[in-house]
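Take a look at this one chain, the form predicted alone, written out in structure tokens.
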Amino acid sequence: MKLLKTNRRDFLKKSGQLLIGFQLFPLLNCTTKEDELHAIYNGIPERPHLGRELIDSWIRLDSEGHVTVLTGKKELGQGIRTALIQIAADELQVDINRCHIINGDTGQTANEGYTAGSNSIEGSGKAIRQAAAEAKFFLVQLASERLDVPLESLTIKDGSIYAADNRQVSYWELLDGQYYKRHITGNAPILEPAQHQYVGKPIPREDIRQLVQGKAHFVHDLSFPDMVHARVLHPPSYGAQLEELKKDKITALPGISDVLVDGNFVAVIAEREYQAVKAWEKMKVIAVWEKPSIETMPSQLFSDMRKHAQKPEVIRTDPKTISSISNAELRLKASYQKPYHMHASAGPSCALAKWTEEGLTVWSPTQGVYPLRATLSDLFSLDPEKIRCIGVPGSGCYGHNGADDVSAEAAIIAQKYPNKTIRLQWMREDEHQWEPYGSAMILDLEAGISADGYLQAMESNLWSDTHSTRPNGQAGHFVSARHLEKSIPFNKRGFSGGAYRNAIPLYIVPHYNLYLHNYEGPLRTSALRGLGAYANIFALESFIDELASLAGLDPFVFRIQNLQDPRAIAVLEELRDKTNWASRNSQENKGYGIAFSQYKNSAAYFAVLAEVELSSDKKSYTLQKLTGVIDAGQCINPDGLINQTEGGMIQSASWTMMEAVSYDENGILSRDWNSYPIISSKDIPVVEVQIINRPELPPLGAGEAAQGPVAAAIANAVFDCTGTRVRELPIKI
């Protein structure tokens, strides 16, 4: 251990060494008095992250008794700010009110890639827990030396370490303004779950309280004294070319600062937002475009997928699969379809950017500040060290929506109009037309089972476009980079493995084949919540229900007897018991359907029961209730887990019953909430979620666990009350 006594600023400037504690004002306050706990938090000095293996990349303690947690993951509304603070507070054994968090800032936090795949708690939570444990272990060692007692005899309460004779010293007294470079070794003991004060409890989220009070929260709420407002006039359709725009008709409008035209990229800058919107409306009317047609029409889409897909990619194969299906006592083959879905974020994408001699700063709702920085670096051929991306919550984010595109466009405008903070917000039709969609998919399933309902063999064939074109360092993935005079071409980088996420059953299937048919579709696609898992689970769990029916077995019985994983069986049994399945209402107009999955076959387990009611004329149905059971291992914040799961269930219900992107040869027709309706508050069913908490096990990602099972449960419930199997989404009767 090396104690470094030098001026902190010079120290950082010259050596770049790291520390677990710091003081801006040495000896100002080294106690843990009650009033200190409530001292005003003024943040921490900003400095770059210098290595994720170092403790203070995740945890910092200041002289005023605060703890700052740092994470590269973004708060997207999923509640990780509170959950990560709970983990840190418990592991450090400090009052949670001492803790604050900074997330997603290339100027301060570690590079944790994208906030995606439901792995924030699994990944960042683990790193923060280890860093906090390491910091505490180091401080306890210091206390042992200071108090001259064995380390094992010490106890901790709110950052104060006590000897048996009641002598005590606080973390902050031990640090005493000195700087310690410490690494995360992974050897520090982790606190036993039984000693947790905060993990496992529904600690209220501060961000929700502020939202309810109408306080600034979203990137849209940011305001700077030098801020000007921009709008981008996107082409009316993919590949459209600008032929004419009379700029003088726009610059003559009140408040217009500039009109930018660079190839097919058109933007207006105004003093006030209303002026920018009026100019955008005028530009939309007077701009002349050459518009190519989309060749593959919706009516041809699924046949075109089968006809023009690439040679199938073999994901898994077993030479006995086909013969086992052929020789099985019972056989079934079915095909399912999913349309293009959009993120349909509640608020249009928004970002701010400022370009000065020192570099570029972007305030963005992106899911990955470091990938965004790398892509901006590629776009501008600018040293990434001269770009700072600061994550700020956006209004609805379920994957790769317009967040990165709007950030890049704000930066493009800022480069052309420097030394002012550019605030760019998309219009509603920008969001609907230009966001990347979740791909349309076809899923053919074939299986053989024994007469008593045991799976013998199964084969799956999937057709899909890619599920990820995130701009991970390649500027051509920004949609407007393709519109510039010196356009940057889009390189798809192949097709993503997300297409077959959850295609492989968790059930015991002795022989199994999986083939992926990659397809270049007519619409822009990328990551949408759950990627291919939504459609794969919809198809698989609908198919499992059909197999249960074929075998004449109860759907719970069929699933449980074909599962081996005790946690998978547990969520199904818990669902069966909680919903009183055996005594369910069997009225003719009522339908009940269940479904199950373990997300990614490695994250949270989720089982759900859907209850639907048929209308009196039997031409429509309503979703009455969804009941879910989730096992996400150690539950950090039960209220947050329930909220996440409920949100996923409701969004999936909307996708399943209502949503599909429509288009024709002239472009996207789904341009607003009338042409792309989503579930409204009055149509949201009763939703209940039960948690199986396993504090002794690691936490598992849960944010996308509900998407697929809910779709299949609704389909199965509709079949239960109509006798008609619907295999195409959205489910209509």
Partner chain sequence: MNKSIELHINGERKLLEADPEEPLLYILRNDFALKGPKFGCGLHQCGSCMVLSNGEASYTCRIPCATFEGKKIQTIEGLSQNGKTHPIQEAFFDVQAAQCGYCVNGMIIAALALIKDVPKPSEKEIKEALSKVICRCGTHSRFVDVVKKFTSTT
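Positions refer to the first chain, counted from 1. Treat the numbers as computed from the prediction; the structure is a model and nothing was measured.
There is another form of this protein, the form predicted together with the partner chain, and it is not shown here; the text below is about that form.
Colleague: Please pick out the stretch from 221-229, 440-448, 127-135, 535-543 that is in contact with the partner chain in the model of the complex, where contact means heavy atoms within 4.5 Å.
Modeller: Result of the contact check: 221-229.
Colleague: Is it the case in the model of the complex that 205, 208 and 395 each bring at least one heavy atom within 4.5 Å of the partner chain?
Modeller: Yes: each residue has a heavy atom within 4.5 Å of the partner.
Colleague: Wondering, does residue 615 line up within 4.5 Å of the partner chain in the model of the complex on heavy atoms?
Modeller: Flag for residue 615 set to no.
Colleague: So in the model of the complex, is the partner chain close enough to residue 654 to count as touching (4.5 Å, heavy atoms)?
Modeller: Yes - in the model of the complex, heavy atoms of residue 654 and the partner chain come within 4.5 Å of each other.
Colleague: Evaluate residue 274 for contact with the partner chain in the model of the complex, applying a 4.5 angstroms cut-off between non-hydrogen atoms, and reply yes or no.
Modeller: Heavy-atom contact with the partner chain at 4.5 Å: present for residue 274.
Colleague: Mark residue 602 yes when one of its heavy atoms lies within 4.5 Å of a heavy atom of the partner chain in the model of the complex, and no otherwise.
Modeller: Residue 602: no contact with the partner chain in the model of the complex.
Colleague: May I ask you to choose, among 691, 678, 50, 697, the residue with a heavy atom within 4.5 Å of the partner chain in the model of the complex?
Modeller: The option sitting close enough to the partner is 678.
Colleague: Would you mind picking the one in 597, 460, 468, 644 that has a heavy atom within 4.5 Å of the partner chain in the model of the complex?
Modeller: The option sitting close enough to the partner is 644.
Colleague: If we check the partner chain in the model of the complex, which of the residues in 668-693 reach within 4.5 angstroms of it by a non-hydrogen atom?
Modeller: Heavy-atom contacts to the partner chain in the model of the complex: 672, 673, 674, 676, 678, 679, 680, 681, 682, 684, 687.
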